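One chain comes next, on its own, written out as structure tokens in the form predicted alone.
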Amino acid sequence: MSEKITLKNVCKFLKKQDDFIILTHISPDGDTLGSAYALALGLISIGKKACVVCSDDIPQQYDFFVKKANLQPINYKTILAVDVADAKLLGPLYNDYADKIELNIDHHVSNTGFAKRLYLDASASATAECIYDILKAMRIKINSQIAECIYTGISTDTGCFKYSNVTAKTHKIAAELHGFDVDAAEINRIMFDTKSKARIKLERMVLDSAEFHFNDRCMLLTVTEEMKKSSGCTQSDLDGVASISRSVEGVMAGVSVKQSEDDTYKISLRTYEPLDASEICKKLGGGGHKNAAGCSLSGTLTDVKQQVLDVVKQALEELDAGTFNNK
């Protein structure tokens, strides 16, 4: 298990070490990328060497800060991970790096403690908030480029500041970032209001096959390989499918089942109070936050859906002290 360290000790460690490789999780989102690039740029600004490594291609929508950073590969001495709750989320990088990670910076309460050291702030809305705290504590000057990265991380992990993980501190940080010529409106347009034609086609297929269970309190969405091929979607086009259920009245549990291989499926769960997504996914070998969590399951699509529905049903019944006859 990891040694849990304080913010002060994180700063000491980063000041002492050099030549950093910063790892992100597979299917990279705005928080893992924003956190990684903000930390890398901050370290470089004080004379350190750093680069970011991800096992998956980085979606084009993040080009506005990824390409601008223009980070070059380095010979590493120190390996970090950001926003990675479980070593399995490193994907193909697992074998090369999982047992060599010196420090993991995260905000997931479900973090498995796989790194040598762990800085965990479960009260933070995003890992990017943790990176902000670290850079400020190290007296690293935040510039517009770093601010863009941090803002992207916070905005994407809070659903543009509308999820329950948002705190007063989140807004205070965002307010300060606005002072660095961050074009928040443009970032939010790219992150939330822009969809490819392929994504629109996929959404139509997903909604046509949507299922409702347990007195319509659970909505289940499926994305198969056939759907992806038919619509022409890329991996980045799949971002946000799990959140479609948030707009459906009466739904307490929104499940998305995305096929990643012939018999492997990525499960994303979005819940409303008092349902706990993290506890539900933990029973399936995953984890995450109280209102957003995930896991991976193998088997036939029918079996995988039933596994998830059984656990969601149990959670709903425990809340209601009743039973559901329908599946």
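Since we're looking at a predicted model, the values are computed, not measured. Residue positions are given as counts along the sequence shown, with the first one as 1.
Form predicted together with a further copy of the same chain: not shown, discussed below.
Among residues of the shown chain, Phe192 is one whose heavy atoms approach a further copy of the same chain to within 4.5 Å in the predicted bound form. Taking the partner from elsewhere, Ile200 is found to have a heavy atom lying within 4.5 Å of a further copy of the same chain in the predicted bound form.
Although the partner is absent here, Tyr132 sits far enough away that none of its heavy atoms falls within 4.5 Å of a further copy of the same chain in the predicted bound form. Among heavy atoms of Cys160, some come within 4.5 Å of a further copy of the same chain in the predicted bound form. Interface residue among Lys229, Arg139, His178, Lys100, judged by heavy atoms within 4.5 Å of a further copy of the same chain in the predicted bound form: His178.
Though a further copy of the same chain is absent from this view, in the predicted bound form it lies within 4.5 Å of a heavy atom of just one residue from Thr224, Gln145, Ser164, Thr234, which is Ser164. Exactly one of the stretches 67-75, 91-99, 116-124, 178-186 approaches a further copy of the same chain in the predicted bound form with heavy atoms within 4.5 Å, and it is 178-186.
Residues of 239-256 placing a heavy atom within 4.5 Å of a further copy of the same chain in the predicted bound form, in sequence order: Arg246, Ser247, Val248, Glu249.
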